[in-house]
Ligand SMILES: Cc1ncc(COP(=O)(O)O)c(C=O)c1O
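Have a look below at one chain only, the form predicted on its own, in structure tokens format.
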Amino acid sequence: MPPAASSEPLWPLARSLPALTGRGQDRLALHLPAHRRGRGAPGGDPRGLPWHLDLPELPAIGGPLEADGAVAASQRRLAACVGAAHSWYGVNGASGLLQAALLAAVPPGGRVLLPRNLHRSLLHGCVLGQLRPVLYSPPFDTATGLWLPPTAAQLEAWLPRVLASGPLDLLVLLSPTYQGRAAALADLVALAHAASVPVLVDEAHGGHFDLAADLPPAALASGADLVVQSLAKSLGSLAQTAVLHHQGARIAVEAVERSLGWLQTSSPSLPLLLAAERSIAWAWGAAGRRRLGRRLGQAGRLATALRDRGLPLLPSDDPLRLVLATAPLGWDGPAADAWLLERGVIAECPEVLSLTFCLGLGPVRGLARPLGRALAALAMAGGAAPPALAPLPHPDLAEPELAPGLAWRAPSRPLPLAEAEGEVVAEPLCPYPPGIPLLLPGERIGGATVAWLQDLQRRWHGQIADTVRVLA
């Protein structure tokens, strides 16, 4: 993965590589990793994989938590680009950075207000940090089975109720959702800050850059204290690359660096760091802006062409995500996904009553005809429209009876889902994708919840287990 030829000025990490990886630099490189810059690669042939770039934290390179070196310089330039006070690369995904952000903001035993459609990494962070989650339920569309962003009016009503039962250390907002629906972040963040509550925004699913307008990412522009982004999901970087941004004085930068040290690897992958830097450098350069502009235009025309064929695309604030409502076509989401997969059309995320297609930054031109034909054939093969889902059985605010970390570590037993009413959950019930726990450890299962989950179980074709672990 050598630096690509480009008229754009190189960022610090890419600029440092030629002196470290040039001819002859590997002969006396007697350091880890054990493949010796590819000379000892498995099978003896390093071609096709960037073995020669897999370097340790040499002084010229450093690492995400080092004050000096190319990585530190790259992170400073990234922060300046997006308008953050501090930025850090992560190489174990947005998941690891979300957990680090959570532990930086909330002390053991502290309370955090989380969306019911949280990613499981945040649940894991609560377990690791011995935190007490309070769950809020954003609007849920029963016709599509999708969560929508919370409104300012809802948060304004929720915050006093949560604070009445004790201090609140952090609010977590998810924007955009997996399907590209964005929240009114500025209003939500202002409400939290007025109540002296810091805000972490999980922006991992996209919407990072308004390149055409030279604006910072939406979550940073809203004033959020911590923001996590996945570079792999919207900027074309490699899987596991992500960034964490920090601004303001509500959360100490020293606390963020400490938690990153707890949860990030002490041997960060240079190829992943380079991929992260390159994706951002490209996006903020002229070539990236031009390509993104073309892709957005092509995506808009593709969506229009599909709607003109009568295909039910759902609203999305991300033009590069197409969300198809499958119920009007006579399909549930998993069955439609399986039907399309057999015909070479691979969706990103089948939900109970929808499919999401991620266009990414690849070419979009020419997709309208084959994708339109495939979806029209799907509609022709459909049967009766599946019914809407029942309303969400959870209250708008809920706090598990037992802290998730205690419940998950407690003695437990398996129980058929049909017999679980009244029991306390010991392990999360978490179908994939997209990794949203439907039940959290420490929650007590009500009868309406059992019925709702059984309905999902029938529709989701094996994604939900027949049994659930409950406290013994």
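Start at 1 and count along the sequence shown; that's the residue number. Computed from a predicted model, the values in this text were never measured in an experiment.
Form predicted in complex with the named molecule: not shown, discussed below.
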Check, residue by residue, if Ala94, Leu98 and Leu174 all come within 4.5 Å of the named molecule in the model of the complex, counting heavy atoms only. yes
May I ask you to choose, among Asp202, Glu351, Glu277, Asp318, the residue with a heavy atom within 4.5 Å of the named molecule in the model of the complex? Asp202
State the residue from Arg181, Arg132, His246, His119 whose non-hydrogen atoms include one within 4.5 Å of the named molecule in the model of the complex. His119
Location of the named molecule contact in the model of the complex, chosen stretch of 225-233, 333-341, 292-300, 81-89 [non-hydrogen atom, 4.5 Å]: 225-233
In sequence order, the residues of 331-352 that place a heavy atom within 4.5 Å of the named molecule in the model of the complex are none
